[in-house]
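Okay, so here's just one chain, in structure tokens, the form predicted alone.
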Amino acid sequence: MNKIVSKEYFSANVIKFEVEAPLIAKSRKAGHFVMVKIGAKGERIPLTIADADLQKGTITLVVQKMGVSSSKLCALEEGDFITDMVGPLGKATHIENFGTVICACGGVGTAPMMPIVAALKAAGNRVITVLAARNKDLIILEDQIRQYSDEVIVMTDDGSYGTKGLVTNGIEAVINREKVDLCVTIGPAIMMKFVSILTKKYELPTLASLNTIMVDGTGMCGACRVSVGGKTKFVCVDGPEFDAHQVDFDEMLMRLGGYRDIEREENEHYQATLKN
């Protein structure tokens, strides 16, 4: 069991947890994730490690309250325990001095992007981070991202903060003004799809960190499979990062929606039990 050291609300549905996990903190690298379970009969959910503190032996997780499992996790308080946590899992982000890198993140995708931005900067890259969300309230970790970025561009759908427009508008503005060597994108699948379409037009190499359905996180169940370059890959062991231009996003989006009705029904049932 892993003790929750601190809990901070970014918004009503987005929460940052600092959790005791000394062995994971010691071995994690940018891009790694953990599988967590709440309750003996709970389901496993993947969460990217947003940060780690070696001295305190803790890792940082940012959770968006969506379904039953994430709601149960978000209901925990400081001093409570996460039943099970396994990690670090997945392949770490390949870091080198590429030159100029655009890091494009949407909403909660900023959390898993933060260690990547820091690692890219430490490797000598010029890092331009594009933060995007529907509105100002959904922009998270901006101050932390600014610490490691040469430039931060904020885009909001409604124009309530930064520049009005989509993440792709911010990316294209940078591409049109200077040479860019790599783009890394993390966020909703539909966002990453359109980032990929844009960067492919400009022949800009792009990595996407995929957020597929996962069950065990070790490559055994196959639930996280995606098609990359016409071949089947497992996000939990082959990823989570892939060449975005090779990912079949339409297939991925279809699979992500496969359990939507069941998830909604379970969530409604869970919310009803809380009221009784």
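From 1 onward, residues are counted along the sequence shown. All values derive from a computational prediction rather than experimental measurement.
The next section is about a form of this same protein that is not shown, the form predicted together with a small molecule.
From the list 22 to 30, 51 to 59, 210 to 218, 243 to 251, the contact stretch for the small molecule in the predicted complex under a 4.5 Å heavy atom rule is 210 to 218. In the predicted complex, the small molecule lies farther than 4.5 Å from every heavy atom of residue 37. Although the partner is absent here, residue 226 sits far enough away that none of its heavy atoms falls within 4.5 Å of the small molecule in the predicted complex. Within 4.5 Å of some heavy atom of the small molecule in the predicted complex lies at least one heavy atom of residue 67.
In the predicted complex, the small molecule sits within 4.5 Å of a heavy atom of residue 108.
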